[in-house]
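One chain follows as structure tokens, the form predicted alone.
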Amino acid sequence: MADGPVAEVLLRRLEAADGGLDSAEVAAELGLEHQAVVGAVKSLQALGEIIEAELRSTKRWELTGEGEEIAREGSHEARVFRSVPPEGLPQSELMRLPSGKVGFSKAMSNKWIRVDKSAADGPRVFRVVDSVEDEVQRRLQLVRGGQAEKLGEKERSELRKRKLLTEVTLKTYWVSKGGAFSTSISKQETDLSPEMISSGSWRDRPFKPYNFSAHGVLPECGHLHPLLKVRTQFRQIFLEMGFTEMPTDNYIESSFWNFDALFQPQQHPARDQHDTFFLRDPAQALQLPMDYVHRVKRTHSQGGYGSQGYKYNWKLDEARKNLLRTHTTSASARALYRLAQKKPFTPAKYFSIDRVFRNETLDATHLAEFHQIEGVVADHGLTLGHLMGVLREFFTKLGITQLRFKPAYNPYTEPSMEVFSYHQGLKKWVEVGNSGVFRPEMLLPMGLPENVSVIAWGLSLERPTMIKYGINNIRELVGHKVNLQMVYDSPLCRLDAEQGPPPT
């Protein structure tokens, strides 16, 4: 029965009714789904003041699927009791019955059955009483017959604990006659067509009032992942500070650019397979700037530029090995090498935000791939003081004003510093980045002038994103377990919130 016929029947019943009608009762009398009557009520409401409808909420008790089964076939304990013959039944056989496990414990607590553990063929179950009254089935049949009020609160609570009974809220409409009540329905027009205007028929047709307060349908659109939102903020901060973005589109890098060019020795633990993903095909990089490669080799194996080097047999085959880059500093090395080829030297400021890969043990804070943020400044006479000043300016733009610096070690920077910030939520100082001044053994083989220094710093993108959006497990931010609703609901990213001072 469509909305139109249901609406007509509803109007005729309302005309004969004294006062009004309940939508649930009408649905029951007509043998319809309640939602069909609700649809008819709403369609009549849209026609104007033909009817008035008041939404009412009532609570009632309904049987669950298991409750319906027990109301038909009896409780688990009663079925277990009926399954036990006068001569008894082995307990192992009883437990294999569909109701065995649940019904056995209930029948035992009701003292309907007992277990004889001394039986020759193992524990055997016997009846204790001749017959039982299945009160659970009786109570559920009362509820099914609409007589739930006959049960006491304790009885209903017990049935709920067994998940046989549930309380539901039923929303119904109390329908009464409106100011313009009529049993005949005339469809209201929603559009004024050219034909109506030319024929003049619009004068005799009823039009549905426009609802100027109605909300339009939200357009379908995509949503940015929180990492992209935070990345955009970091990128904007670098651009505001006059930095140029480096190309970082090569996830596959040679060991030369990833390690050797950074004055990292070939026997360094970071170059082991336990920390780095090496490629099988193609296994080696074929194109390297060989003049630069020879200078790097000499610096590693013999020293130079004021350094004694590492004094080992540097191997080209080791430098040619392809890998998934472990940091974006390899992109910084390429950018500085290109800068060194430009004569005369021009000061530069570079940044990058991109993905890196490490053979990490996966846990709540570590993944095998993550994003690294890196900033590099090359100019004449830069010192550790300049690095601290740039770091304070950079982190202030992130809303981090309380900083501390701690000496650290990096193979390719000297001096090196870890950067700490006071975290208001955790009430302690936490590491937010690493920094340092690139070593002359890295810069001079590139061809940069001797009085040029390069300061650099880096941090991950995931950690500030997790702190910003209150995410404790990185696997909820990246990977196949990400909840897309989180992506939909995540707010705009603002990294300029003021932080309170640390405790004295």
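Each residue number is its position in the shown sequence, starting from 1. No experiment lies behind these values; they were computed from the predicted model shown.
Although not depicted, the form predicted together with a small molecule is the subject of the following passage.
- Although the partner is absent here, I400 lies within 4.5 Å of the small molecule in the model of the complex, judged by heavy atoms.
- The small molecule in the model of the complex comes within 4.5 Å of no heavy atom belonging to H34.
- In the model of the complex, the small molecule sits within 4.5 Å of a heavy atom of G433.
- Using a 4.5 Å cutoff between non-hydrogen atoms, R114 does not count as a contact of the small molecule in the model of the complex.
- I467 is the sole member of A46, L30, I467, A53 with a non-hydrogen atom lying within 4.5 angstroms of the small molecule in the model of the complex.
- Only one of N410, T276, S352, S255 comes within 4.5 Å of the small molecule in the model of the complex through a heavy atom, and that residue is N410.
- Proximity to the small molecule in the model of the complex, taken as heavy atoms within 4.5 Å, picks out 410-418 from the listed stretches 310-318, 195-203, 410-418, 149-157.
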